[in-house]
Structures are given as structure tokens and as C-alpha cells.
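The chain below stands alone and is given as C-alpha cells, in the form predicted alone.
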């Protein structure tokens, strides 16, 4: 695996590889890798000739500087995992290589309002930072296919909107959620949970399964209320939202606005750790 830290080395290499006929897959990460990230690398290796992974802890998408400081950075472990998975190129930049001398959000994008709800409401400015850094990373890596995880469903919709609005020549592939044995969606944040509460957090996935089973029996509002109440009875759990929405635009489902694709989407604070999960059903 080749490790590159400068965009002026990576972009010409990617351009050369594409000119030679290689299809390039790209997996952007903030490190602290787990098997969910590796599943994206494996998906890329099936679809592309060259797989590029980036590790960059992006400061512009953190609302709280303390969260940025606390974000885990086990880089040696990450490198070993990527090498074992067969990653071809690791892009490992400093902030100056991404942003230049001033690290801030400067670009304005048409995100169709998708950035204002759910995680956007809880973390103002978060998705502006995500959109800007992904745009920059796509310009640097020049991939054919971008691989993202479904766990961050709202982010996937926002980046699809970004790519379409800017007419960027890249296909976005949303890969299935990779789960722990008890159902908890894999996340770099899971390591902040003690073993007992981490086991209990499997209840989040159980609540999604319950909601999916009730879709043709109860109204969305009844399902949302029941699931929220059940999760909030667990010690240390605090539901921020548990919603059934249109999976194409994150709009509420009403008798006047039916949909063929529903996303059951939730954010739960578990011992103060924010955990995201979702399930898409037809």
C-alpha cells in the first residue's frame, strides 16, 4: 500500500491511472477504522481496479472543539487494517494540504434543505463542513466511484445532492450497515461505551426491526412514539429522534404524501455517546 500525504502527488497519480484505463474507488474516512470501514474497502475492490482510502479528521465538521480533540487517532492500527484489506493508496493529509493556510468553511452548496433536519438541526454547520471536505477530496482523488456507509443515511443523501448539483463525474454507492453481533451499528464511537451499555445498545436495532414490522399496522406517529418510549426506558438512553420518513427526501409521511421507500431513522444518546442507525424498507 502506498501512503501519500500531498495532493500534488495524489492527483497526478490518479489522473495517470485513469488515463491507463483503471477504475478508481474512493473511501473517505476519519480513521479509527473498524470492520464497517473495511467492508467499504472490500466493496471498492469488487467494483474498481484501484482503491484509495483517505484518513482525515476534518475540523470543520465538529461543532465542539473538545470533540475534535477527543476523536481517536490510532493511525498505526488503521494502516495495518488497510494493508490487510488490500487498500492500494492511503491519502493521509494534514489540514493545510486540504484547506491551505485557513481552515474554515467557505463554499456554499445547494443541499436542497437536507442539511437542516435531523443531524443538521442538532449540529448546525456540520453538513456544510462535510460537503466542503468531500468536494475537495473528490477533486484530489478523482475517483469513478465513491463508497459510503448507510449508517450515515442523511449524509449519503446530502452528498448525492452535492454531486448532482455540481455535476461531478462520480457514482455514489451506499453500502449496507455493518453490525456488531448484537445488532449495534458499527461506529468509531462505540469504543467509548463500556461493555455492558454497549451490549444494551443493541436495543436500537431491535427498535428499528419493531418499527419495520409495524409499518402496515400502526401509523408512523404511533410507531415513533412507541419506539421512543421503549428506548427511553433503558437506563442511560435518551432518544433525540426516532422517525419514519420518505427515504428519498427525508420528508414526513402523510396520507397526502405517500412513499414507496421509507427510512426508519434514529439518533440515541447512550451514556452521552451519540449513536446513529437506520433501516430502509419498501
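Numbering follows the first chain given and starts at 1. All figures in this text were calculated on a predicted structure; none of them were measured in a lab.
One more form of this protein exists, namely the form predicted in complex with a small molecule; it is left out here, but the text below deals with it.
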(request) Only one of 87, 208, 133, 162 comes within 4.5 Å of the small molecule in the model of the complex by heavy atoms, so just point that one out. (result) 133
(request) Name the stretch: of 223 to 231, 246 to 254, 210 to 218, 53 to 61, exactly one has residues whose heavy atoms fall within 4.5 Å of the small molecule in the model of the complex. (result) 53 to 61
(request) Indicate whether residue 28 is a 4.5 Å heavy atom neighbour of the small molecule in the model of the complex. (result) yes
(message) Whether residue 152 contacts the small molecule in the model of the complex should be assessed with a 4.5 Å heavy atom distance threshold; does it?
(response) yes
